[in-house]
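Okay, here we've got a single chain as structure tokens, the form predicted alone, with questions on binding and movement later.
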Amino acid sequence: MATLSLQALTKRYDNGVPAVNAVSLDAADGEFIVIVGPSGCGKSTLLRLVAGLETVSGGRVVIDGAVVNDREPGNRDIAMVFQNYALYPHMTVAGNMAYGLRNRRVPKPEIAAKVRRAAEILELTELLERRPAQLSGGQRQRVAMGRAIVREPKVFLFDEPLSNLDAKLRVSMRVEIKRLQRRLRTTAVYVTHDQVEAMTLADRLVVMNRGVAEQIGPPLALYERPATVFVAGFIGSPAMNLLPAEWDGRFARVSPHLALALPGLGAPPGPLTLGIRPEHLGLEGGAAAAVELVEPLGADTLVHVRLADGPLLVARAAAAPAPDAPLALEMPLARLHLFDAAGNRIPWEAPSAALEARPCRPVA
């Protein structure tokens, strides 16, 4: 077990564009860190910097108190699990799991004991003499994890290990990875583009955007208090409703027919963005809206509605509204998230009582 510290870690390519820009993070011993973000945000590059597969342009990687910037990947005491398994097709499961240990000239009895222990943990004991072609995708991924486990590294690194699996298998493997990490209590860094996967696995999330760590914290903290518009729109499924508005000191005007009064907001007049989660958007009372699409999901229903002359919003409801029923949206004031023109959260504490959406009125 070990701590991991990233100190203003930076990677610039030859054209000067930073793929990773001054990311700092301190992972505690045994902590599960998940790095999440869209394609091209720098999350995999960040992981490769930790692994030693990319050259650091600035900052430091510190594992268990030692700076490892100049160490080769094999000398960093880390183990990496890739999305493509990277198994040797001509070797058995046992041979694949033991390969790294044999290269390090670990005694055969010790190799056998470590492979046996890892196989028991991953329920691979009956598959040790099979070859990768005889395994399912989930079994191959377990073998890849077993190969990492036998090394007993200080840090586990996972680079989108479930992206090649079908949806059902992803869920079961997600549970298995979390259970495994808790049992081994090894510090882990996990990269994914799937924010549901990120929310369920992480002790702490790192949300990346254009090479920058936009926000770092526990999953629910990021969900409930996103620091930026980007985090608000990325974390959550379905995504937070984001409404561009113009603040005039009394009302946040969303459209010619809709404004919200925001008592106590001391922000200067100008553009801002209102955010509200689908589960907090009521379908009774307030602003008139038209249903455009209903998605029944079983336990609940997603209702896509459009405000008059306004944006399309998504509400999570217990049941679908009648096709021709009059509909009105309610936006509880205490559930609103406010962001300034730069996309940063506005620190505003709303009154506890809900305030309905109101039509615009002329302001003297």
Partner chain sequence: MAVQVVFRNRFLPYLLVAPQAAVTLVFFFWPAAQGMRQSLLREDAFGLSTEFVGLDNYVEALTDPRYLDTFLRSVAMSALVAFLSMSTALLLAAMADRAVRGGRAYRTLLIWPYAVAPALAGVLWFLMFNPTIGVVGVGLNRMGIAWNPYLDGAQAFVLVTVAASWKQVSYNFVFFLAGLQAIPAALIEAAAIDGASPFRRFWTIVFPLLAPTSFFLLVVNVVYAFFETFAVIHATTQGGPGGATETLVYKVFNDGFIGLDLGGSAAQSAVLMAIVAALTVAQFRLLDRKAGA
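Residue numbers count along the first chain shown, from 1. Each form is matched to the other, and the largest set of C-alpha atoms that superpose within 1.5 Å is called the rigid core. Because the structure is a prediction, the values reported are computed rather than measured.
What follows is about the form predicted together with its partner chain, which we do not show.
Joint contact, 88, 99 and 151 to its partner chain in the model of the complex, by non-hydrogen atom at 4.5 Å: Yes.
Within 4.5 Å, heavy atoms only: does residue 73 come near its partner chain in the model of the complex? Close contact exists here: in the model of the complex, residue 73 approaches its partner chain to within 4.5 Å, heavy atoms only.
May I ask you to check whether residue 337 falls inside a 4.5 Å heavy atom distance of its partner chain in the model of the complex? Judged by the heavy-atom cut-off of 4.5 Å, residue 337 is well away from its partner chain in the model of the complex.
Answer yes if any heavy atom of residue 183 is within 4.5 Å of a heavy atom of its partner chain in the model of the complex; otherwise answer no. No, residue 183 is distant from the partner.
I'd like to check something about residue 252: if you look in the model of the complex, is any of its heavy atoms closer than or equal to 4.5 Å to a heavy atom of its partner chain? No.
Exactly one of 108, 104, 168, 179 has a non-hydrogen atom within 4.5 Å of its partner chain in the model of the complex; which residue is it? Contact check passes for 104.
So which of 333, 327, 51, 320 gets a non-hydrogen atom within 4.5 Å of its partner chain in the model of the complex? By the 4.5 Å criterion, the partner-contacting residue is 51.
Hey, of 122-130, 214-222, 80-88, 243-251, which bit sits against its partner chain in the model of the complex at 4.5 Å between non-hydrogen atoms? Among the candidates, contact is made by 80-88.
If I superpose the two forms on their rigid core, does the C-alpha of residue 238 end up displaced by 2 Å or more between the shown form and the other one? Comparing forms between the shown form and the other one, the residue 238 CA shifts below 2 Å.
After a core superposition, would you say residue 131 shifts its C-alpha by at least 2 Å between the shown form and the other one? Yes, because once the rigid core is superposed, the C-alpha of residue 131 moves 2 Å or more between the shown form and the other one.
Given a core-based superposition, decide whether the C-alpha of residue 103 shifts by 2 Å or more between the shown form and the other one. It does shift by 2 Å or more.
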